[in-house]
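Take a look at this single chain in structure tokens; it is the form predicted alone.
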Amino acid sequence: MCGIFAVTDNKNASKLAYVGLFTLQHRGQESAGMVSDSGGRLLYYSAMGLVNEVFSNEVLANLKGRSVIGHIRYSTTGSSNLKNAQPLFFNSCLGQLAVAHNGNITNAGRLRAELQKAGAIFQSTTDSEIIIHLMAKYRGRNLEETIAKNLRRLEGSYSFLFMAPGKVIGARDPNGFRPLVLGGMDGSHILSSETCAIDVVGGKTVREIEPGELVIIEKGKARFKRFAGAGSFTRCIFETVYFARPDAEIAGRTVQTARYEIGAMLAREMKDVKADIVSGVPDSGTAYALGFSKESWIAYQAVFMRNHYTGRSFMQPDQALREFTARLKLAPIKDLIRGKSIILIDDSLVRGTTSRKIIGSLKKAGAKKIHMAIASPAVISPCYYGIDTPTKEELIANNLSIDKIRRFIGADGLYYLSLESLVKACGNGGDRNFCTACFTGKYPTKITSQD
């Protein structure tokens, strides 16, 4: 899961892109990069680290130009190192070209092998580079036709930003797994993974890019072109459950509102469970707990001090770092916990190790009883569309019963939200266009390769 952002036709393009990427920092913390169009010549810069670490005033000043595309990375394919930082930049037979990608190409292994056999030399290990080599081999009459014909060769999930001199192109996969939103501001066009970044830079959201659609921005105008027929619209439900910022809008409502409603639905499904207080695992769990509290009339209380200078534990590149980050970022507030029966809500339970440590810390602080409530169904299947749950062996709900999971994490009770309630809340009561494969094992597309 990564973040992409573009702004065109603006004298402050690199500064606005900095703000946009900073707003999307929750989507990736490993590397950041930008490519700018400086009078028909592309300039690029990327480095490992957070947005505010990568882009100094000097770097931004050197990224001259009125159009910029940017990327922040959370790796799902390819190792975490500088050669995989994006946007990727090429001097190719197509001219100067840059690409930024959010998603996961499920037939990447097969396509990469075919291209290498034909002589392609890859400069990174990320699946994002495959589209550039396909474009070099299978060309159309112009850039957008070349992009369109080669996107049809890809399987899986993607939102792409392409930049060539004088042109920015956005693309969204035919299922709409990964988000891409168009905004506008005083003659400028903005493309972003989330609406909140458009808001923060002072723009207004125009609309989502539709599944299977290109948006071509050049000479101050945007035009749209379909490269694939509209399939089943299956946006990732985990965007609402965990990844997206609370002020982002998905399916006609903000993420915060959806999470609040999810918490209320969880309370209805747990109406017979009694406790002294309800609390959430910060930050996403807070909205769930507030919704639960209002519906259940059980008092809400924050039981953790959150250290905001740590990253998101789920998005760390290995399990040891996930566990260390989870311990570092949450400190129990002992006198609010001692002797209390607590309903503790988290967005999901994937591996179980973080929940075990959190519950252990509450019990050590004197909690009498912990009921663990999960604001989503049990995760039983890996995601091949851009979330880092690559094998069934890592998924505790695929291997253990609910009671065995409860015992493993040390809870006195364990409860999952039903899939029906989750979809209803995320879709504002009517929109059911979500991928729920991680909860059901039913994938909207064929899975050709996991390489």
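Not measured: the values here are computed from a predicted model. One-based numbering along the sequence shown.
The following text describes the form predicted in complex with adenosine monophosphate, which does not appear among the structures shown.
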{"query": "Any non-hydrogen atom of N84 within 4.5 angstroms of adenosine monophosphate in the model of the complex", "finding": "no"}
{"query": "Partner contact for R351 in the model of the complex: adenosine monophosphate, 4.5 angstroms, heavy atom", "finding": "yes"}
{"query": "4.5 Å heavy atom contact, I387 and adenosine monophosphate in the model of the complex", "finding": "yes"}
{"query": "Contact flag, Y242 vs adenosine monophosphate in the model of the complex, heavy atom cut 4.5 Å", "finding": "yes"}
{"query": "Partner-contacting position among E249, D346, E208, E261 - heavy atom within 4.5 Å of adenosine monophosphate in the model of the complex", "finding": "D346"}
{"query": "Of Y158, F292, F162, F238, the one that lies within 4.5 Å of adenosine monophosphate in the model of the complex (heavy atoms)", "finding": "F238"}
{"query": "Which of 219 to 227, 352 to 360, 176 to 184, 93 to 101 sits within 4.5 Å of adenosine monophosphate in the model of the complex, heavy atom basis", "finding": "352 to 360"}
